[in-house]
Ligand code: SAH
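A single chain, nothing else alongside it, follows as structure tokens in the form predicted on its own.
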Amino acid sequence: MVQIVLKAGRERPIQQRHPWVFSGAIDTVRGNPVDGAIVDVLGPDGAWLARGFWSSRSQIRLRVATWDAAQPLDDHWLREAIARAVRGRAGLFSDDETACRLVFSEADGLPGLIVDRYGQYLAIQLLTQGMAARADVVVGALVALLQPRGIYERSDPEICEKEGLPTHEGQRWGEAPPERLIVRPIMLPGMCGERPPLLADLRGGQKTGFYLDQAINRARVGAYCRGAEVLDGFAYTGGFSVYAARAGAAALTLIDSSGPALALARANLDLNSPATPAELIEGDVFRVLRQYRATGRRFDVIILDPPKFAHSQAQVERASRGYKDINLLALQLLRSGGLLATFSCSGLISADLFQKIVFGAALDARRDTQIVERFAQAPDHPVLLSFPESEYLKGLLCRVW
């Protein structure tokens, strides 16, 4: 077995069951591991600590998959780990149209593996050398466990580049998914309410075809939109707008930079609430909101769900300015008593920092602002306590005077 020995003082994160070993923490490599190989982690005193998968070109050289010295990381382990992750979502999907994340990488003890269920199809991402090397076992396990109609790979090119993996997208098994697939969001056990049909694009959409992490938040924000004039910034395919329309919104304005995404948003609105007046604008949200401010346009509810602004620690300061700018614009466009639903999916922006950013925007806008609700990612995206990086989505619902 190939081994790595950690530098003195760098063993504590592994002892606390954090799954990442960075290149700078390694003192010695015993053997010549190939990418994806199974490697044991030893402390500076030679004591066995953990076992995981090697990646020679990533800053994260090893991703831990077990802290049990007796646990081999073989095909049986992989199949059982996938089955355990799926069992953990058993109460969240109950029919053949549900969209749900089934495997969430390190949070489920499967570093680099994402599996999303879209009704009878699965979308997967293989984002580490360890999982890419075991792609056939992953696909076989999913077929045996879930009997999908097809499995489509949508591995993120940016993450693959950092990992030293070739970009791969395409059919892995079975039937190709249709261009537009109707799915329904998860529903929490005991939670009442409708599950609107939504169109997802597994082959051409963002991520694996849809943003599943906002499933519960869309329903919660929509409940505040009855009779309201709603602006949906960074609307993508209109998930928030669909809930707002079904709740009785008076009018909708959707803004996104992607024409194809807005075309799918229009189809989603036509599918759910065709009578609700909706204006769809292709453009830069920052620029459009500045135009609205200049012309004095106002709204009752504004929803901001922008893409990730910070991809690295070096980008946090710039991202913070971007979040403050967009929230300042929204605060200036709200009528008195209006609501701002604002989100950040940048994992490097903590919930505390995000609240401070919104607070700074409120000060500059000279608006009294109350936090009505706090939001997080949906329960099919669990947070592993020893891996805080798995908690990335945060949001606030604010009433503005």
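Just count from 1 along the sequence shown to find any residue number. Keep in mind that what you see is a predicted model, and the values were worked out from it rather than measured.
Absent from the display: the form predicted together with ligand SAH. The rest refers to it.
**Student:** Do heavy atoms from each of Gly239, Asp256 and Asp305 fall within 4.5 Å of ligand SAH in the predicted bound form?
**Tutor:** Judged in the predicted bound form, Gly239, Asp256 and Asp305 all sit within 4.5 Å of ligand SAH.
**Student:** So which of 79 to 87, 229 to 237, 291 to 299, 313 to 321 is the stretch with heavy atoms within 4.5 Å of ligand SAH in the predicted bound form?
**Tutor:** Result for this chain: 229 to 237.
**Student:** Note which of Gly204, Pro157, Pro274, Gly283 lies within 4.5 Å of ligand SAH in the predicted bound form, where distance is taken over heavy atoms; exactly one does.
**Tutor:** Of Gly204, Pro157, Pro274, Gly283, the residue with a heavy atom within 4.5 Å of ligand SAH in the predicted bound form is Gly283.
**Student:** Counting non-hydrogen atoms within 4.5 angstroms of ligand SAH in the predicted bound form, say which of Tyr211, Phe104, Tyr224, Phe93 makes the cut.
**Tutor:** Of Tyr211, Phe104, Tyr224, Phe93, the residue with a heavy atom within 4.5 Å of ligand SAH in the predicted bound form is Tyr211.
**Student:** Looking at the partner-bound form in the predicted bound form, is Arg218 within 4.5 Å of ligand SAH by any heavy atom?
**Tutor:** Yes, Arg218 is a contact residue.
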